[in-house]
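A single chain, nothing else alongside it, follows as structure tokens in the form predicted alone.
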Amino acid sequence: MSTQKKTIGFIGTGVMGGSMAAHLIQAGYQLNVFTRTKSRAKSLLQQGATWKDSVKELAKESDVIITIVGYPSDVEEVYLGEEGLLNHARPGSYLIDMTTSKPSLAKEIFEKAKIKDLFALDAPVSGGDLGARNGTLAIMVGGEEKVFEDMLPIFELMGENIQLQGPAGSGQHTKMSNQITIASNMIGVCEAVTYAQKAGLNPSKVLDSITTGAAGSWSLSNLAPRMIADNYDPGFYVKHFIKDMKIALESAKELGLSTPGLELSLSLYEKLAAEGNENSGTQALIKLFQKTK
């Protein structure tokens, strides 16, 4: 289908969703928005988005519906609830869940959507607040190839590295691989920055050397500078990373895999959250290491 004149509905306008939705408005799409806290949509409404009072109302007035909410339970409510998308979206509508959620839930949504002549994709993202703001997200997609091709012009407004990974649920499985990688990497980044500080080095100068070598990673380049600056504002919330790691751990166990690095990272982040940091950015993990004697 041609997406140029289609109305897009957007549900969830948090740290990442707000920036992602803004790119769609700037590209000339008519955008309907709904989020549980209307004040979070203020910027989008000022840019020309139209507020809808419920998921049901948004569903009835949108051709393509994008969701990026908090937890799998939120995805279930938005899609499978009595007032949800599967009960109220118009036949022929496209449903794109960009939340990091359970692969099994993505498959369930796909199968139930197909029965109702709806086209569903799971398309979680990576790149944090910076990637969302700059339109450079990695977008990992699960679903049918024709549906993916139809939605590609929309994905290209929000991201750069856009890959169809396979059938329904494949996007979420890919995101789990992403989060498993980050989990252990964040421990290494925190240990490295703390080591540089304890050794009396200038940690920023250390980063100049190690970010371009074999140790290089997105987290080292983008989150280590925030650690050094004691900036714990959320590009990605600790509480949401904990959610992701629990999904990844559950999925890994279903596959019969051992993931000790993931388990260690989850335990550390749960300790960090218990100390009052659940609404901080994931870089706040360094607080645990800086306390170590």
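This one's a predicted model, so the numbers in the text were calculated from it and none came from an experiment. In case it trips you up, residue 1 is the first one in the sequence shown, and so on. Here the rigid core means the biggest group of C-alpha atoms that line up within 1.5 Å when the two forms are laid on top of each other.
The following text describes the form predicted in complex with another copy of the chain, which does not appear among the structures shown.
Heavy atoms of Ala49 never reach within 4.5 Å of another copy of the chain in the predicted bound form, leaving it off the interface. Residue contact with another copy of the chain in the predicted bound form: Trp218 places a heavy atom within 4.5 Å of it. Though the partner is left out of this view, Ser209 does reach within 4.5 Å of another copy of the chain in the predicted bound form, counting heavy atoms only.
Among residues of the shown chain, Ala229 is not one whose heavy atoms approach another copy of the chain to within 4.5 Å in the predicted bound form. The three residues Pro103, Ser177 and Leu264 all sit with a heavy atom within 4.5 Å of another copy of the chain in the predicted bound form. Ala196 is the sole member of Leu86, Val147, Ala196, Leu157 with a non-hydrogen atom within 4.5 Å of another copy of the chain in the predicted bound form. Think of it this way: in the predicted bound form, another copy of the chain has a heavy atom of just one of Val238, Ala59, Ile68, Ala248 within 4.5 Å, and the residue is Ala248. Comment: 252-260 is the region of 39-47, 23-31, 252-260, 59-67 lying near another copy of the chain in the predicted bound form, near meaning a non-hydrogen atom within 4.5 Å. For the stretch 158-188, the set of residues having any non-hydrogen atom within 4.5 angstroms of another copy of the chain in the predicted bound form comprises Asn161, Gln163, Leu164, Gln165, Ser170, His173, Thr174, Met176, Ser177, Asn178, Ile180, Thr181, Ile182, Ser184, Asn185, Ile187, Gly188, in sequence order.
Annotation: Cα of Asp208 displaced by at least 2 Å between this form and the one not shown, core superposition. Core-aligned CA deviation for Gly235 between this form and the one not shown: 2 Å or greater.
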